[in-house]
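The form predicted on its own is given below as one chain in structure tokens.
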């Protein structure tokens, strides 16, 4: 089973490793780690997705977290995610790239995970490839509606990948 868990760690060296050790010791396989250090507090939120083959092993991992004083904020089964890749052409930078990303991320269940930007000349159009993670198929339609709305407003060309 695939587990999604949000934990909170002390902001000291070695804490992330301490949080991963119980998963490894019970045969878990890490799928994803998002370590949010930007918040600059004494605690660091971490989102983990891992695979484990039994509820009993998951229970033991959670017991180990309690022994290690690792706070579990949220836990549940992780759904399989959908990854959509789209090309965008136009004056991407001039029309506020951060605004475009923020507006895509406002779609609940959508998150721009990766961005590759090509800008050969500041006066000319640029191109970007957005890798967007969607929580499920239903979000896909909402994501594309938002993307095309942004494209119309900013005069951008959208190129959907063949698999979408």
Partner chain sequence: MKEVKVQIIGFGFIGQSFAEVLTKRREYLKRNYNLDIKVVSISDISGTIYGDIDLIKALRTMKEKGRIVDYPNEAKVKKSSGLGIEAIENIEADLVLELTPSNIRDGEPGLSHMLAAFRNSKHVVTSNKGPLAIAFKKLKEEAEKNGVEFKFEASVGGAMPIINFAKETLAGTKIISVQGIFNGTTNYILTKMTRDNVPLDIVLKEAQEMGIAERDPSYDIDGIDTASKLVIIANAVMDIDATIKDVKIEGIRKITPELITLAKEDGYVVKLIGEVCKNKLEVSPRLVPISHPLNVGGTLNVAVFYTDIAGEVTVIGKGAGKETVSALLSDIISIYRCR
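Positions refer to the first chain, counted from 1. Everything numeric here is computed off the predicted structure, so don't read it as measured data.
Another form exists, predicted in complex with its partner chain; not displayed. Remarks below refer to it.
- Between 125-133, 64-72, 51-59, 96-104, the stretch whose residues reach within 4.5 angstroms of its partner chain in the predicted bound form through a non-hydrogen atom is 125-133.
- Not displayed here, its partner chain is approached by residue 161 to within 4.5 Å at the level of heavy atoms in the predicted bound form.
- Although the partner is absent here, residue 41 is not a contact residue: none of its heavy atoms lies within 4.5 angstroms of its partner chain in the predicted bound form.
- Proximity of residue 117 to its partner chain in the predicted bound form falls within the 4.5 Å heavy atom cutoff.
- Shown alone here, residue 89 lies within 4.5 Å of its partner chain in the predicted bound form, counting heavy atoms only.
- Taking its partner chain as it sits in the predicted bound form, the stretch 130-158 comes within 4.5 angstroms of it through a non-hydrogen atom at 131, 155, 157.
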